[in-house]
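This document starts with one chain, in the form predicted on its own, laid out as structure tokens.
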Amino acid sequence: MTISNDTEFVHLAWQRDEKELADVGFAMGADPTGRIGRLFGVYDEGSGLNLRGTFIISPEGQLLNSEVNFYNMGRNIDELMRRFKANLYLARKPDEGCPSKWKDDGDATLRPGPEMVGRVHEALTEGQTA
């Protein structure tokens, strides 16, 4: 779901006219008062606009990941999907950690602990799930 300060009519116009949004199949929520933006801490009182926030929330309501960018910073769907998949993986294997280059099941993970301090590079280049 996306939410912005725009009204539902502006969202409809964007979806009809902006080719980048032609295949969007999810809900676009309207937050013209900034209430939801304030709730997530992305509402900019000075401009009356929401910053670009991306939040991954579990079905149980737990915040798993958040990223906030300024208005003119685009987001990368491949990176968002990597983080989404990493959170799904970590929900199954909470004792492991997914490094920044982790992309999918089978990629090297880490087992955080004192023995890993200063050895992350070595563990990843050795291809271990440490």
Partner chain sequence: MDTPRPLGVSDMVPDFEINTYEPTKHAFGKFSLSEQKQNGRWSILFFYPADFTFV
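Positions refer to the first chain, counted from 1. If you're wondering where the values come from, they're calculated on a predicted model, not measured in any experiment.
Below, we refer to the form predicted in complex with the partner chain, which is not included among the displayed structures.
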{"query": "Close approach of residue 116 to the partner chain in the predicted complex, 4.5 Å, heavy atom", "finding": "no"}
{"query": "Non-hydrogen atom contact residue 101 with the partner chain in the predicted complex at 4.5 angstroms", "finding": "no"}
{"query": "In the predicted complex, residue 60 touching the partner chain (heavy atom, 4.5 Å)", "finding": "yes"}
{"query": "4.5 angstroms heavy atom contact with the partner chain in the predicted complex for residue 52", "finding": "yes"}
{"query": "Triplet 13, 31 and 74 all within 4.5 Å of the partner chain in the predicted complex via a heavy atom", "finding": "yes"}
{"query": "Within 1-30, the residues that have a heavy atom no more than 4.5 Å from the partner chain in the predicted complex", "finding": "1, 2, 3, 4, 5, 6, 8, 9, 10, 11, 12, 13, 14, 15, 17, 24, 25, 26, 27, 28, 29, 30"}
